[in-house]
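The chain below stands alone, shown as structure tokens; this is the form predicted on its own.
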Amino acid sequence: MIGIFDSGYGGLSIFRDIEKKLPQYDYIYLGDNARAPYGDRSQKLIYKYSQEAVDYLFAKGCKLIIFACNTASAMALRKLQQEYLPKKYPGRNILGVIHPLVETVSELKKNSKVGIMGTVSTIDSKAYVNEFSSINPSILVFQQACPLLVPLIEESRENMPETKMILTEYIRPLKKINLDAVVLGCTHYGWLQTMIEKSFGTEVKVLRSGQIVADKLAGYIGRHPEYDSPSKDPSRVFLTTNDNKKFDQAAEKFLGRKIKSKTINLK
């Protein structure tokens, strides 16, 4: 069983592409909507929330968890992998979204200047900057925090005039740099991809997480058969820490189908 964890709804876009690529596995999706967004939380709180989610998903039988959340990937993943899992969950693992995206950008033909759009916590953590430095230090990384986008998208206001105005202001400084590529460093931003692509023009490659993470996950499972446990009748479980009716409405938008989720308490 594979767990998918996000602070809210955005990770459903990652799950959608993972499910399409790897439909043969059982999945549990957990959205910590009651405490979202994580983007302006402290590192200490984000780690605490992420650890609680990890404990819950492993207790439910997951062997592998995907952090479909850039903020959790940036602020909690490495510490959990290096310090928490070896002591409490040997033989299990957590994967994030940052490394697959950076790896993919590094493989592009034009990649000398890359922009990162993300939440305040993701940008402040410099997780993307550090990952690029590790994989390909020749790439110049330019960051832009976009704190207002997640709340607008979660309220289904992505097509409203105010969202377009705010997005334009966030993009303005990045456009002056003549970037080769832009990474949408938050799963929610995929809902604005068309708008972002139009703003940057055809010369700039705009990368979204879902398909990239799904492809990299397939490769990872292929290299680690201990996590390759397909099911004859694959199950889908959706969990939220907030109002499950609101979650179900959002899930229909993200997944294109109706689901029935359950409300849980991680505390």
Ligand code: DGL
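As the structure is a prediction and not an experimental result, all values here were calculated from the model. Position 1 is the first residue in the sequence shown; the rest follow in order.
What follows is about the form predicted together with D-glutamic acid, which we do not show.
- prompt: Of 229 to 237, 51 to 59, 33 to 41, 214 to 222, which is the one stretch near D-glutamic acid in the predicted complex, taking non-hydrogen atoms within 4.5 angstroms as near?
  reply: Every other range fails; the passing one is 33 to 41.
query: Is there a heavy atom of V150 no more than 4.5 Å from a heavy atom of D-glutamic acid in the predicted complex?
result: Because a heavy atom of V150 falls inside 4.5 Å of D-glutamic acid in the predicted complex, the answer is yes.
query: Could you tell me if C186 has a non-hydrogen atom within 4.5 Å of D-glutamic acid in the predicted complex?
result: Although D-glutamic acid is absent here, C186 would touch it in the predicted complex, with heavy atoms inside 4.5 Å.
message: Using a 4.5 Å heavy atom cutoff, which residues in 48 to 72 contact D-glutamic acid in the predicted complex? It's fine if the answer is none.
response: C69, N70, T71, in sequence order.
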